[in-house]
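The chain that follows stands alone, in the form predicted alone, written as structure tokens.
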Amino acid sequence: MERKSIFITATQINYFFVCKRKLWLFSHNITMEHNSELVELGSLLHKDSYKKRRKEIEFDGIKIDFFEKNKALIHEVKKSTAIEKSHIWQIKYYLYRLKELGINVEGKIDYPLQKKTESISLSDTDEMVISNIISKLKQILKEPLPPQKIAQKICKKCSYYEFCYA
């Protein structure tokens, strides 16, 4: 087994909150993000925002946009607050994984188009929630077929829309 495949990625944590079907498809290497204009727009925003501060940190399925060493603060750049809950848990997962490595930091989500930032910290309760999420996520991934479509408004903007509804 490839080493990378044993880790739960932050993207999987994000998708857990957005759509379990998308999580399952993505985790089974059925990827559609490369065909999405919205994903491409997000990538451009990611590349063009905070260029001077950009120092990505990447390890074991984690890819943090940038880190302010003097403030012990990690940042995640997002396009919009439309699925903010998934963004919050994604960065809490970063904090959780870093804490496992003995690194205690705080987090911030930056929404440059909306000129908004959200400060994120990790509580003891959050750690228990993340452990529970990881257990549920692993159960979803063990299923032989993807979960049913969620038929929500957000589906129309999803990179998997044609896969689910065509």
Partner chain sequence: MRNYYIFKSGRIKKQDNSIIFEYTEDGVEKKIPIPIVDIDSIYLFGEIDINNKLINFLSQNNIMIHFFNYYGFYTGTFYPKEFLLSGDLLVKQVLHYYSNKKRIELAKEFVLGAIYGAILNLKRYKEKIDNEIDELQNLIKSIEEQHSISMIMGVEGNAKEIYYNAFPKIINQKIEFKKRVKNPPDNMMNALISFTNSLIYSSVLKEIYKTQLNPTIAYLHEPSTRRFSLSLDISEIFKPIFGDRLIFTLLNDGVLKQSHFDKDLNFAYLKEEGRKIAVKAFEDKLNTTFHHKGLGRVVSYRKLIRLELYKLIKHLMNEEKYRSLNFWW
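Just so it is clear, the model here is predicted, and its values are computed rather than measured. Residue numbers count along the first chain shown, from 1.
The same protein also has a form predicted in complex with its partner chain, omitted here; what follows describes it.
Taken together, the three residues 33, 145 and 165 all lie with some non-hydrogen atom within 4.5 angstroms of its partner chain in the predicted complex. For the options 28, 115, 136, 69, the one in contact with its partner chain in the predicted complex, meaning a heavy atom within 4.5 Å, is 28. Its partner chain in the predicted complex comes within 4.5 Å of no heavy atom belonging to residue 20. Contact annotation: residue 16 falls outside 4.5 Å of its partner chain in the predicted complex, judged by heavy atom distances. Its partner chain in the predicted complex is not approached by residue 7, whose heavy atoms all lie more than 4.5 angstroms from it.
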